[in-house]
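Form predicted on its own, single chain, as structure tokens, below.
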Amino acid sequence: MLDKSHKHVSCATCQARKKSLFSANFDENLSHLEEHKSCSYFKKNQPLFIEGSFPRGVYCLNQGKVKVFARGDEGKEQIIHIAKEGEIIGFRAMFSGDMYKVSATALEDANICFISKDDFLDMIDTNPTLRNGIMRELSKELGDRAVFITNMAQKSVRERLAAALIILDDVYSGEQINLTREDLANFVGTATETLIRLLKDLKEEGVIDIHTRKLEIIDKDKLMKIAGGR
């Protein structure tokens, strides 16, 4: 359970930092990071930033999960990423100087640290480890985005759902996947009604189990075969 009364998180004791770009190799700069960040409690469905706004800085997830999404012409969401503890969100738009082309909203109650644009760019200039990590992250994102576009264009909805559940199993670290049917449909790129029908099919096949809203993966090997089109 997230402690709503305690927003500040020390970088030295932050467990999520070990999974982030501010990992152990950043230890010598911890005091600088500590001085130039602020921590805030975000309620479920509270936005971090919205499409069309200018980037003010970056957000580092200490606890909780965030969906990153774009809206189509009719206002329907397409979720392109679900961020978990340790991830840094919002730095990509700073390098282009453009407005955000996506939005980010808390999927659940979350504790998130914020670093201003100027302070973050200064850290990149003075810390080669952070700079190299950012470059690797951007390169990885290009590859992930190519796979995402290919999946959306070439895979069936059933295959996309299986691939999405595999991704979410990693995001939730093997725990039950706690996502609304609407958000899951927006992640897969399908109608909610179609998603519900396909989830029922996967349950009947013994691939997943459904606990009200939460989903439990029972047979990951079979799920991977479905995702691969087999």
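Keep in mind that this is a model prediction, so the values were computed, not measured. One-based numbering along the sequence shown.
If you look for the form predicted in complex with the DNA, you will not find it shown, but the lines that follow are about it.
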Among 39, 191, 30, 50, which has any heavy atom within 4.5 Å of the DNA in the predicted bound form?
191
With the partner left out of view, is residue 156 within 4.5 angstroms of the DNA in the predicted bound form by any non-hydrogen atom?
yes
Please check if residue 182 has a heavy atom lying within 4.5 Å of any heavy atom of the DNA in the predicted bound form.
yes
Quick check on residue 200: any heavy atom within 4.5 Å of the DNA in the predicted bound form?
yes
So in the predicted bound form, is the DNA close enough to residue 166 to count as touching (4.5 Å, heavy atoms)?
no
Where does the DNA sit in the predicted bound form: which of 167-175, 182-190, 61-69, 31-39, heavy atoms within 4.5 Å?
182-190
Are all three residues 19, 140 and 147 in contact with the DNA in the predicted bound form, where contact means a non-hydrogen atom within 4.5 Å?
no
